[in-house]
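First comes one chain, alone, set out as structure tokens in the form predicted alone.
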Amino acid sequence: MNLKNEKWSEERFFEMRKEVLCQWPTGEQVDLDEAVQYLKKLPEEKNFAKRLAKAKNDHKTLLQPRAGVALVEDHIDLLRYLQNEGGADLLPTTIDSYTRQNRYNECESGIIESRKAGRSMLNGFPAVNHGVYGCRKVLEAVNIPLQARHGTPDARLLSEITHASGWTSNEGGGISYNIPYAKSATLEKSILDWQYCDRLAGYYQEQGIDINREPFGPLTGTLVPPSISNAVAIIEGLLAAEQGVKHITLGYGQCGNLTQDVAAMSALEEQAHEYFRFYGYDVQLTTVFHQWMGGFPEDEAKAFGVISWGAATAALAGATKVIVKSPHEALGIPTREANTQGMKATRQVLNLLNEQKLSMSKDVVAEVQLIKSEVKCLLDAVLDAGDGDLAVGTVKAFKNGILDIPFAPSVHNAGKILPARDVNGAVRYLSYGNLPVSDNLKEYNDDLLQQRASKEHRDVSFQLVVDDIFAVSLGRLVGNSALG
């Protein structure tokens, strides 16, 4: 099947469904007509897209944690706790690693072992194995919308089951759930597979059911320059819109410099709207801000500082929702109590900043323009590579390093760019690799890095990258190995 950025016909979509639903026995539980009627009967307060639209209209930032365990009843207990004790506005279901790799036999073993052990032996919820019946049981046990969050290059069956179960949001995309997550999955296949997921969401939309789609904004989550993450987010948003998706949430992972983070969120929303309008897509656009995705300090008090710092940035940036971290991030999978503590700390900061927004200072405006200029360079080159076809251009762009994500495991990623913080702590490019960024933008970037090196009395070198990766876990933003 040839890749092309073109809306799938119903004939093509339904022909592919026959293959998808046969991947695991629970696929037989999906009856699309029955699912449409089930979703139409859901109360509005359980619809993810409607909840986000209301929050955007009310200028509120919603809270969403991350959570998932192996067994249905345990997962229900966990989500109810996060809803009732943590005050979550939106609920996640983090999917386990075996499901992400479509290894459903191992999921089944994990479910059996979890029952024997009396605790979760999987690092998430195996939604495909639990099927429509199990997933609906989860939805019906809570009072607020539910989203699948995973990391799956091929999420077709997962999407079928979760949407048929009333989960009205699905996170991911053919780039963001491939390059940062998988080693050998080809982009051509993952984009095709996510076109299917988007066409499924678009089909439900055509039946009058609002389904939210959310590309994964932070990518690898480690010093990703905003122009890279914004470019990928906009590409995945456009690919989804082509398949008929009407409710799209574009995301960004906190980099740490307040001016840059606020500017990046503003640039993402502005530029996405510009591209949606240019291509004639009628999209309800919302945004998500991910609290710090890098290394956390082990000390809980210090971790709460990092969480609150992310909460403040999300509020000041006007994000529609914020993905909340816990004070146990440095220690492994957090307990439900730790997740709740992270949400309460975040809620407190959001309440304090409820009426405040960071003004568009000269520095913020300049950073917005810088990020948008870099993104335009990248997207123009992607479209050129595909002779105007965004999907084809994306595959060729990664092959040639025109798009490149730092620290990604994929063999289909060039891995030639290196990020480092500038004199103000904003993330810049130490090495551009093959990115098609204009010379004047490169000169500005290089000057900022040189200012930092001069201030710290050292050279602009790879050591900057190493220091910056570990800086936050050591209690600062800009790393300096000379400080110990």
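Numbers follow the displayed sequence, beginning with 1. These numbers were taken from a predicted model, which means no experiment stands behind them.
Keep in mind the form predicted in complex with a further copy of the same chain is missing from the figure; the text below concerns it.
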Query - Among 423-431, 49-57, 436-444, 36-44, the region lying within 4.5 Å of a further copy of the same chain in the predicted complex by heavy atom distance - result: 423-431
Query raised in the report: Should the three residues 15, 27 and 92 be counted as contacting a further copy of the same chain in the predicted complex, with contact defined as a heavy atom within 4.5 Å for each?
Result: no
Query raised in the report: Quick one: of 81, 203, 276, 309, which gets a non-hydrogen atom within 4.5 angstroms of a further copy of the same chain in the predicted complex?
Result: 309
Report summary line: a further copy of the same chain in the predicted complex has a heavy atom of only one listed residue within 4.5 Å, and of 77, 140, 363, 384 that residue is 363
Query raised in the report: Taking heavy atoms and a 4.5 Å cut-off, does residue 256 contact a further copy of the same chain in the predicted complex?
Result: yes
Query raised in the report: If you check in the predicted complex, is residue 380 within 4.5 Å of a further copy of the same chain, heavy atoms only?
Result: no
Query raised in the report: Within a 4.5 Å heavy atom cut-off, is residue 282 in contact with a further copy of the same chain in the predicted complex?
Result: no
Query raised in the report: Does the 4.5 Å heavy atom contact test between residue 304 and a further copy of the same chain in the predicted complex come out positive?
Result: yes
**Report entry** Sequence-ordered list of residues in 336-355 near a further copy of the same chain in the predicted complex, where near means a heavy atom within 4.5 Å
**Finding:** 341, 344, 345, 348, 349, 351, 352, 353, 355
